[in-house]
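There is one chain below, alone, in structure tokens, taken in the form predicted alone.
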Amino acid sequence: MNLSLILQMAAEAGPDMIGLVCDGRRWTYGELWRAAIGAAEMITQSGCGHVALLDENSEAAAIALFGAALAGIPYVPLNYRLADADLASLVARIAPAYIVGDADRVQRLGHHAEHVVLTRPTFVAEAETLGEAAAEPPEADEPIAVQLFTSGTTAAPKAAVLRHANLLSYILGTVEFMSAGEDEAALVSVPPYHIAGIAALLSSIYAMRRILLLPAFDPDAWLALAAAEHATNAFVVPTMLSRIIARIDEGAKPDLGSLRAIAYGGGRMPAEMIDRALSLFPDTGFTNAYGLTETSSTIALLGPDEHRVAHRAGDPAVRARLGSVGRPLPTIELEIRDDEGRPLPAGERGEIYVRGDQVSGEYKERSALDAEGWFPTRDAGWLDAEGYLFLTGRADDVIVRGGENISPGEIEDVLLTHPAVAEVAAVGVPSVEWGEAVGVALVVKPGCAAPSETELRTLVRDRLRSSRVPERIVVRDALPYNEMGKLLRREVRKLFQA
């Protein structure tokens, strides 16, 4: 099966239904399908081996995604925020590429004879004029549908590949065709080069839910679009939700009465923030979605009912589930394993391993799956007795103090209970005595005085053990995050090198 089937089914079922709204233009499913057919013809004629997108959210992202699928070559959305040299390095790895993007961005690439480069307006206009009857996608053994470059830390970015079978397994296993009501509209504001953005397009089209594309996230633009188009669904990352709530707290009064469901993921959601969101939007269902690029998006969910039960619970164990990412999808197998790869019981911390048809676990250079098909996520966590999954950070982020493994998350959770602490990050810092010690960087809430180091250390010592007490503490105006709201611990560590 080919990924293009998702848009083809929607176009055949409702050719005149509005499928996408972007920058004021409304696209029917029929129009999107014809444009994808035209794009496939253009891509095929170019002779290129990849289709690259260098742009913000727009109709070009959807047209290029399905056009590439019809042409039988990988779709590669690029992080347009990268430095020119880093972009050039990625583009060189997919040459010859058919590149579509904003005029200013594609100009940054310079002239490369091996590539075909089109601006977004040209690409969209030509695709519209060519689309007639779709040719059958070329047959290939397990072809690649999407290639996403992971964010490199100490090495060059890895090229994660998702095959048509992986993405279709996720969509067909989690979404019912034509399940959306006529009034349903999903606001998509995550970048197109992130798996969450691709999954949002695919799942909304298969459900036949109108998609509201916001080119780039801005809280005022998000609130305005949600109100004007009566958004019923949205996906945000924690930093986005924080900025939306801040604008409302500052006096913004948008009409969000139609907003029924907000899904969030991509980074750590502070308990205080989700508490505030549940109170601010009492009629909106919240879903915490946990997944990775290599798993074709979501593999575990904490659903709306579970949020409300935990929010109102008197039992500390049940209330604590607000800090979990829920339970694995029925199509996913999940285990917590120790350093030797042995499964651990409930309550024990280790590395998260997953298996399922949607799990690619594959890079252009190699497969990371073991002999039995299990993928080591490099995320650390634990399961409670009821199967709820709690994340404690990346396995690589563990602080090793005198041979003892310390999870940054447990220290951060304690410090976030201090009324003056808004954000916090714990990392390992060099220590002559212990090899590594705990370093903490924090942001103070507006209007609050920074707590003393003695006060913070006492808080950690009283709640945890003395080995968890931070040796070094710095206060900053902000912590470093990427555009998806993930904390950049490598950048936090640099704060202690100064």
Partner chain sequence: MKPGTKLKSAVCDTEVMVIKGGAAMVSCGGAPMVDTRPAELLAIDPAFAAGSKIGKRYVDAAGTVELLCVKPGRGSLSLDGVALSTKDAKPLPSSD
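Numbering follows the first chain given and starts at 1. As the structure is a computational prediction, the values presented were derived from the model and not from experiment.
Missing here is the form predicted in complex with its partner chain; even so, the following discussion is about that form.
Stretch-level contact check against its partner chain in the predicted complex with heavy atoms at 4.5 Å: of 251-259, 364-372, 195-203, 87-95, the positive one is 195-203. In the predicted complex, its partner chain stays beyond 4.5 Å of every heavy atom belonging to Tyr75. Residue contact check for Gly402: none of its heavy atoms lie within 4.5 Å of its partner chain in the predicted complex. Shown alone here, Ala13 lies within 4.5 Å of its partner chain in the predicted complex, counting heavy atoms only.
When its partner chain is considered in the predicted complex, Arg210 lies well away from it, no heavy atom lying within 4.5 Å. Contact with its partner chain in the predicted complex, defined as a heavy atom within 4.5 Å, is made by none of Asn57, Asn79 and Thr119.
This chain is drawn without its partner chain; in the predicted complex, the residue among Leu301, Leu389, Ile336, Ala277 with a heavy atom within 4.5 Å of it is Leu301. Of the residues Leu479, Met17, Met9, Val475, just one reaches its partner chain in the predicted complex with a heavy atom at 4.5 Å or closer; this is Met9. Of the residues in 223-241, those that come within 4.5 Å of its partner chain in the predicted complex through at least one heavy atom are, in sequence order, Asn233, Phe235.
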